[in-house]
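Okay, so here's just one chain, in structure tokens, the form predicted alone.
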């Protein structure tokens, strides 16, 4: 095919994407056609000429990745993936319908070429940063033969989201030259033009972060091609291609007049926006009576494209086979990385000190993970010496530009960015991801945690300083409502019908070892580890405390069991369990009361156990008292209608932790009063 014909087919394919995108939205009677039509040229050139993947093996580990940030531009993604054979015309016709594989915003489906769930603006390209970090991490361990690119597509809204600052800063600081981002700069937002909300110079902003910036006409295939070539040749910096595109490119009204660059085409079908779908399709060379088709010339062109990609992948796989033959031990390790099976760790053998804070116990486990789990990246939002992820850091080193042999990501003060990057690490595959900060700052991270749950990626969230006992730092740093919020995620099922997130708040050091065991063995969903700042007295034991703590794997277990039917059941999670133990000791000294004490590390997991086990732990008809450093509602479902959940219904105050315990009633003496009042 000569160059002139090739360029003609390229333009034809872009117009084909525009037609399919507009038709999908019109048929669904909802969606966002304008941006998809404007971005068609870039994705067409990228997928046909630059993006390396295996059409016969879409999950090939060394494929290039494409992360979409503006999920509302899903028609563009589904359309280009229909040209590559991943979606049928019927799939496109069922856009946004019940049971369809083409939801309104893309949901991760790597077998079809959808690398990430997108929708909340800013998170998609930040996940791409995580994937790019993972690629460098793996290359540092196995060699440049497995190098691949991470491409991402961002819109005006994504650029404006606060998370973009963290993503841009971290990618630039790390010199992620394997990351290439296209900015679809069409100057149109959902309800305004961009100049009405910002006057920033985006190019200078990214240059200040250390990016290579190229500005082009974003609907010019030749300019796109040249920019992508330059980006692929860059070896020191991530690249931002600012493509000045036209919203609704090719759209016309009923009279055939241009309807491009209109705000109205951003978030509604062309017909509702004031354009004519039929005239637009005709203008783009399609059949208005049957818009859901791939032009014969485009189909033939993409057949050639896919054959080339399959041949490229075969060559790369042959290279890998030769490498594996020469490096059998490394090859076995690499294969193990991508299996993402729970690492074999003897958690019982991890020596824990007595009476320490659970964040300190977590650090002890993290030190072991750093030594034993070669494919794990841990990150902290500038708090490693407080959230105690320094237990991991002290046994490795930080990732830095030009050296990804370490395994710790210094994210800086950017909790949401850090969490989203960890989602990208998990999506890439081959590497475990964990990130940490104070529990109160989990509020910054909730959008990314929610996507972790929705995408079913096993990110580990480490949240220390779990209660008002943060003390002198005051109410801004004292979590109250946070545990109730995160435990709501245990009540939401993901699309596989499983509990969407596992939330663990261990009660002492050895229960923390068990919590980490549970977290690392949870390979299907995210896990939250909620850890204390202050020291906690070890729970009583009649034998081996670790073996007893292993019962936490059922979500809740009996710490102290009376010889006969209990008169009262006391339950809590975290440090409050030891407070209940102390209160029980006092009340037993006053009289012959049968008390059952229960540690509930995860209510969601406990509710998955057999009815018999639940009845053994929480016998029906027995008065039950719960103690939580958070909102009383946190334990309300466990204590039942006739029980009582003692907690806080107010924000904290600045004072030493022991003073707050006294003022708020978190003492053994007050537990006695609460038990007596409940039984009365």
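Not measured: the values here are computed from a predicted model. Numbering follows the first chain given and starts at 1.
Omitted from view is the form predicted together with another copy of the chain, to which the following refers.
Colleague: Please determine whether residue 262 contacts another copy of the chain in the predicted bound form, using a 4.5 Å cut-off between heavy atoms.
Modeller: The answer is no: residue 262 has no heavy atom within 4.5 Å of another copy of the chain.
Colleague: Can any non-hydrogen atom of residue 107 be found within 4.5 angstroms of another copy of the chain in the predicted bound form?
Modeller: Residue 107: contacts another copy of the chain in the predicted bound form.
Colleague: With a cut-off of 4.5 Å between heavy atoms, is residue 416 one of the residues that contacts another copy of the chain in the predicted bound form?
Modeller: It does: once another copy of the chain is placed as it appears in the predicted bound form, residue 416 has a heavy atom within 4.5 Å of it.
Colleague: Does any part of residue 652 reach within 4.5 Å of another copy of the chain in the predicted bound form? Heavy atoms only, please.
Modeller: Close contact exists here: in the predicted bound form, residue 652 approaches another copy of the chain to within 4.5 Å, heavy atoms only.
Colleague: At 4.5 Å between heavy atoms, only one of the stretches 421 to 429, 475 to 483, 131 to 139, 581 to 589 reaches another copy of the chain in the predicted bound form; which one is it?
Modeller: Checking each option against the 4.5 Å cut-off leaves 475 to 483.
Colleague: Report the residue, out of 469, 169, 545, 316, that has at least one non-hydrogen atom within 4.5 angstroms of another copy of the chain in the predicted bound form.
Modeller: Going through each option in turn, the one that passes is 169.
Colleague: Of the residues 199, 563, 321, 311, which one places a heavy atom within 4.5 Å of another copy of the chain in the predicted bound form?
Modeller: Selected residue: 199.
Colleague: Even though the chain is shown alone, can you say which residues of 631 to 668 have a heavy atom within 4.5 Å of another copy of the chain in the predicted bound form?
Modeller: If the 4.5 Å heavy-atom criterion is applied to another copy of the chain in the predicted bound form, 631 to 668 yields 631, 633, 641, 649, 650, 651, 652, 653, 654, 655, 656, 659, 660, 663, 664.
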